[in-house]
Each structure stands twice: as C-alpha cells, then as structure tokens.
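The chain below stands alone, shown as structure tokens; this is the form predicted on its own.
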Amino acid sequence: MYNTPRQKRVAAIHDISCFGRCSLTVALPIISAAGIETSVIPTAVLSTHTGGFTGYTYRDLTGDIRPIAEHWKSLNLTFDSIYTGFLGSFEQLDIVSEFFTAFKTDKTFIMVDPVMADNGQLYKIFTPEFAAGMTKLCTKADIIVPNLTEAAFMLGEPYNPGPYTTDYIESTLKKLHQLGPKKIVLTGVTFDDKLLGAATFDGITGQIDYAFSERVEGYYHGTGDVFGSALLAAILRGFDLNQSAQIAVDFTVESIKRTHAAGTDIRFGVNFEESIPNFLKALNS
C-alpha cells in the first residue's frame, strides 16, 4: 500500500528542440524525474535549437496554444505551477498571459524564465519591443528567473558584463522585484573568477541569499533550462527559494563538468541525464 501525498502537477510552456538539450527536451525529464506530473504546451518545434546550428527547421505552434488551453479548461484541470520559457512572438506573450488568468488559483505559482538574451545581446529573433512585452508578462509571475542580460533589458539599463559587486546584484534584485514578481532568482552571478551561481530575493521577507558552485570555463547551451527546471522541481518538493537555487546550481554544474570532461560538442547541451541520480538524492535529503 502506497501512502504518498497528492502528486503535484506543472504546466510547462516552452518550445521543443528535437535535437540539442534545452527547453521542453530538458524540462519534461527533469521535472518528471522529481516525481511531479508535467503537462506540456509546445510553443514551436525546431529540428535543433538555434544556438550554433544553421539550417534548422522551425514550426510555429502559436495557433495550437489557445485550443489546448480551452480543452484543458473544459476538463477542469488545475496546476500547482505554470512554468514558461521561450516564447516566439508578441502573440504568444498575449496568449500565455491569458493562460495565466485562466488557470491561476491561490494554490498556483507562476514561474517565468524570460528567455530572450544572453552575453549582453538580445537573441537575433527578438527586438527591444519584445523585451518590453516579456517584462510585462513577468509582472504576472510569482517567480522570475532572468540572467543578468535579461535583467538589464527588463530594467532598461546598460548591460554590465561583471565581475559584479554585492551592491549591484542586490540593487538589481530589488528593482526587478519592483516590477511585480514576488521572488527573483538572478542567474550568472559572480564576484570573482572562481565561483558562479545565482542570487535569490524573497520580496515577502526581504531575504537575499546566494547559491554558488565552482565555475567551469566555456558556454554551454541549455544550462538555463536545466537550472530553471531543477529550481522549479525543488520548490515543488518543499525546499525554500535559496535551498532550491543551490540544488539547481549543483545539478547544473555537475552536468556541465560531466559534459566538459567528455569533450562533447557544446552545441549539443549538457549531460544532465547522468546527473539525475545525485539531483534526486538532494531532493530526498
């Protein structure tokens, strides 16, 4: 006889890259491995992700999102969390905002990863107007997970390449909180050349914390999705914001180290699959 609590359920709204570990290809296995039911709404299907690949196929699924949501609503489905990542158009921003309104309850928390920029630049398909639209969507979130480039665009400030000071990071966290989200997890935070990780701000308590691990040189695609998915899973498993960030940092860095040691093409994403056992140990500790 199993004596377990009600299984939690997430609605994950991201694109699918058929090859190259990112977005739903990452979110679905990581969140599911944590014992959380994961329902998905794909925003687009690509043959590969766009980072470093050329000639990829892209199928826009904007027209499918509302019918999926309407069918789910007819089934009276509810979700413990709604988790969004890459959104490909202004229309998708509006549709996802409608989804939040339709499915948000007092027991649902919304987590938005405002995927749109890195290394000081917007991704090629996005404009400053899209960044403003993504910022508006983030005002409806309970938790946002921007990197420092995305934070700069959201705040209308010049990008700071770092290294950073605690004053700069904590000021950025507080300004992001003023946009509307209750909690902030800021990624890509570093104060030296040895450690890299995230800063967390709980706007309800005012608590600021840091989650660091050893820096691994190089840029690895999909690590933001690995981090965000692990963060969400840990929160749903009952860990507080900073504990969840540390679990996510450790999982992501272990996956990067494994990939680095194997010499795998960085375009292919990181080997998170073989890091899942340690991730689950952390969740069960």
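Not measured: the values here are computed from a predicted model. One rule holds for the numbers: they count along the sequence shown, beginning at 1.
Below: the form predicted in complex with a small molecule, not depicted.
> Does at least one non-hydrogen atom of residue 17 fall within 4.5 angstroms of the small molecule in the predicted bound form?
Contact check for residue 17: yes, within 4.5 Å of the small molecule in the predicted bound form.
> Even though the partner isn't displayed, in the predicted bound form is residue 51 close enough to the small molecule, meaning a heavy atom within 4.5 Å?
Close contact exists here: in the predicted bound form, residue 51 approaches the small molecule to within 4.5 Å, heavy atoms only.
> Under a 4.5 Å heavy atom criterion, is residue 22 part of the interface with the small molecule in the predicted bound form?
Answer yes; at least one heavy atom of residue 22 falls within 4.5 Å of the small molecule in the predicted bound form.
> State yes or no: in the predicted bound form, is some non-hydrogen atom of residue 90 no more than 4.5 angstroms from a non-hydrogen atom of the small molecule?
So residue 90 does not count as contacting the small molecule.
> Based on heavy atom distances of at most 4.5 Å to the small molecule in the predicted bound form, which listed stretch, 115-123, 185-193, 101-109, 165-173, is the contact stretch?
Careful reading of the contacts points to 115-123.
> Between the options 153, 86, 79, 201, which residue brings a heavy atom to within 4.5 Å of the small molecule in the predicted bound form?
Looking at the other structure, the residue within range turns out to be 86.
> Between the options 40, 65, 33, 46, which residue brings a heavy atom to within 4.5 Å of the small molecule in the predicted bound form?
By the 4.5 Å criterion, the partner-contacting residue is 46.
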